[in-house]
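Shown here is one chain on its own, the form predicted alone, set out as structure tokens.
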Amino acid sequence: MALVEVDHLTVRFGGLTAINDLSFTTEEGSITALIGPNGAGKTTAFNCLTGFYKPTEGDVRFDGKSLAPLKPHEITALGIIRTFQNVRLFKRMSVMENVMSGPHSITKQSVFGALFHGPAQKKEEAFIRQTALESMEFAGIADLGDSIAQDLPYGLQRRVELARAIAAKPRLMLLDEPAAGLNDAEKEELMALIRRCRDELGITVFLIEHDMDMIMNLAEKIVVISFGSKIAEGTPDEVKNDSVVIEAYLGSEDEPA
């Protein structure tokens, strides 16, 4: 079953067409990658999925529901969580506090409840803390709860960001270049964690990534775009042997060096 449907999506900014008639689906329970050269329109597609950009034409649907009329916080409430290429943490807050900010989209208490701190508010706070602890344990950072986020090595900051996303209990996790800045060992650990998110938590994963070794070993389906248009779609084996994809990334043999 398709959880995400991108249907003839076109996005224009003035005279610039960033996405041109793009269509693909992401199956529920899958790991799908969106790849392409720099400037291909990958982040624009992500921004349409999260409500920061609106389609000029076409539609983006999540579980059959159009996302076009929704605001970003309404899309988050549906179960769509995103991480960014550059780690975005509350740098001076602890790891625990950062991860506890994740479940805000699935909590219900109002400002009134927070001010008067009644039984329902206390119960919700206990739920948030327990959810954060479980997410940190899952991400392998349970012992870092009191550490200040900005003091951690970059690879661990990435894990904190993922733990925060997991704590929101998403149905769909959008990862924007999650391997950026990681060494080979950290990339292997990251791939294992992403697979566990899908296999053990049932989270559908959709990612942008430039590391082709990672993509070929992790994704089950790859969508390739160039200059805003889809040029290929298929399994890793199908995509890596596609002559159009090879030329888009490497250039044709007739081009001068």
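From a predicted model like this one, the values you see are computed outputs, not experimental measurements. The first residue of the sequence shown is number 1, and the count goes up from there.
From this point on, the text means the form predicted together with a small molecule, which you will not see here.
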Among the candidate residues T50, S30, T44, T56, which is the single one with a non-hydrogen atom no more than 4.5 Å from the small molecule in the predicted bound form? T44
Within 4.5 Å, heavy atoms only, which of L218, A40, V224, I203 is in contact with the small molecule in the predicted bound form? A40
Contact test in the predicted bound form: R195 vs the small molecule, heavy atoms, 4.5 Å: no
The small molecule contact at Q85 in the predicted bound form, heavy atom, 4.5 Å: yes
Counting only non-hydrogen atoms and a 4.5 angstroms cut-off, does V244 reach the small molecule in the predicted bound form? no
Determine whether any heavy atom of R61 comes within 4.5 Å of a heavy atom of the small molecule in the predicted bound form, and answer yes or no. no
